[in-house]
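Heads up, the chain below is alone and in the form predicted on its own; it's given as structure tokens.
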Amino acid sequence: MTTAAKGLEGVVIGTTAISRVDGANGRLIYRGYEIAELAGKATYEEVCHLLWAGHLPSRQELDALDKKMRAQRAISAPVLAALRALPSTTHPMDAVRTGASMVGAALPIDGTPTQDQAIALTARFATLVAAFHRLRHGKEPVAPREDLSHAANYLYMLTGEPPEDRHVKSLDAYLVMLADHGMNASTFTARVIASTGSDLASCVVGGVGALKGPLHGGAPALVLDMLDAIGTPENIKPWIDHALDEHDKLMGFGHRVYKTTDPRAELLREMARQASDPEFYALAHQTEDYALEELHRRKPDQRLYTNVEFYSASVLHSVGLPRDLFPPTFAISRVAGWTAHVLEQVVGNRLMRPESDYSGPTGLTYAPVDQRA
């Protein structure tokens, strides 16, 4: 019997030229660029081109991509009707999943995945989230504007008001940092679906389903819940001590791959310092400091450090997003990575079909239903 790797820990399932996660040294690389070389410098649209085409765009290439993405933002009447039909209590990630499926059916997106299809899906994700958010609050969706960037347009469609430049800058940097992250659960899901020969929309819908899980995309909102529960700097030590004494998980710390600080957390920390309310940032930063001190003291062998979710919460909160929009905003960013990986998967594709060790009974014989105990 072979030894199974629980959670596929340490298993290499393929190669990719899209991104590298160097967990030992705390590095994230997009097609040769360290994340610090891109976040706050390159726009989300530039990074989309980098992930899809393999290089940062020239001015002509960027203008062409901008034009395509802005022309693809609107969602059709059938897609909007599907969003209207959802109960107002629907989780926003369920609305994104439904909307992405409807977009794939309405366009339609079928056959071998293409970059044009990737553009069509990526351009519409922000519109789906914003439209559902307004509908659930009894407001009509705001039509996208072609004169705004991807990040600015998302914030505009949520409120109907032109966003502040500082909020656009913060959100754009966030979108860049979350656009891809190696073979994470949602990307792996999308690639498995792609390996079956399925269409790009199905791959993306699968990615949304995986990202919805609190162990993947739902953690930033839980960080805010934790900070709310702590409340004041004076309560940090007793709250964290009690949580660790009870073996509760501290949200925003630890990562399956990084054995040092997540490089995105370093960048987001400075963004949060600049963009957040000073009292809120002070609470978050002091919580981080004491949590790390206690985690390292109590669990020195586990190498637990701040991850991307901790300061993602602060940054998304600072731009005015409600916390249940944190996961779908993550999806708005990550759809670029999902689609890039699908485009890579279909080149020289082979169906992913891992094996498992059977641990159930053997040798049972069938008995008619009336003879069973």
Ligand code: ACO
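None of these values were measured; they are calculated from a predicted model. Residues carry their position along the shown sequence, with the first being 1.
Heads up, the form predicted together with this ligand isn't pictured, but that's what we're talking about next.
Student: Using the partner position in the predicted complex, report whether F253 sits within 4.5 Å of this ligand, counting heavy atoms only.
Tutor: Although this ligand is absent here, F253 would touch it in the predicted complex, with heavy atoms inside 4.5 Å.
Student: Does the 4.5 Å heavy atom contact test between Y30 and this ligand in the predicted complex come out positive?
Tutor: Output for Y30 is no: heavy atoms all beyond 4.5 Å of this ligand.
Student: Can you tell me if G111 lies within 4.5 angstroms of this ligand in the predicted complex, counting non-hydrogen atoms only?
Tutor: No, no contact at 4.5 Å.
Student: Can K299 be called a contact residue for this ligand in the predicted complex at 4.5 Å between heavy atoms?
Tutor: Taking the distances in the predicted complex, the answer for K299 is yes, it comes within 4.5 Å of this ligand.
Student: What is the one choice in L244, L86, L107, L80 with a heavy atom within 4.5 Å of this ligand in the predicted complex?
Tutor: Looking at L244, L86, L107, L80 one by one, just L244 meets the 4.5 Å heavy-atom criterion.
Student: Quick one: of L325, L304, A42, L62, which gets a non-hydrogen atom within 4.5 angstroms of this ligand in the predicted complex?
Tutor: Going through each option in turn, the one that passes is L304.
Student: So if I measure heavy atom distances to this ligand in the predicted complex, which of the stretches 154-162, 200-208, 214-222, 95-103 falls within 4.5 Å?
Tutor: It is 214-222 that comes within 4.5 Å of the partner.
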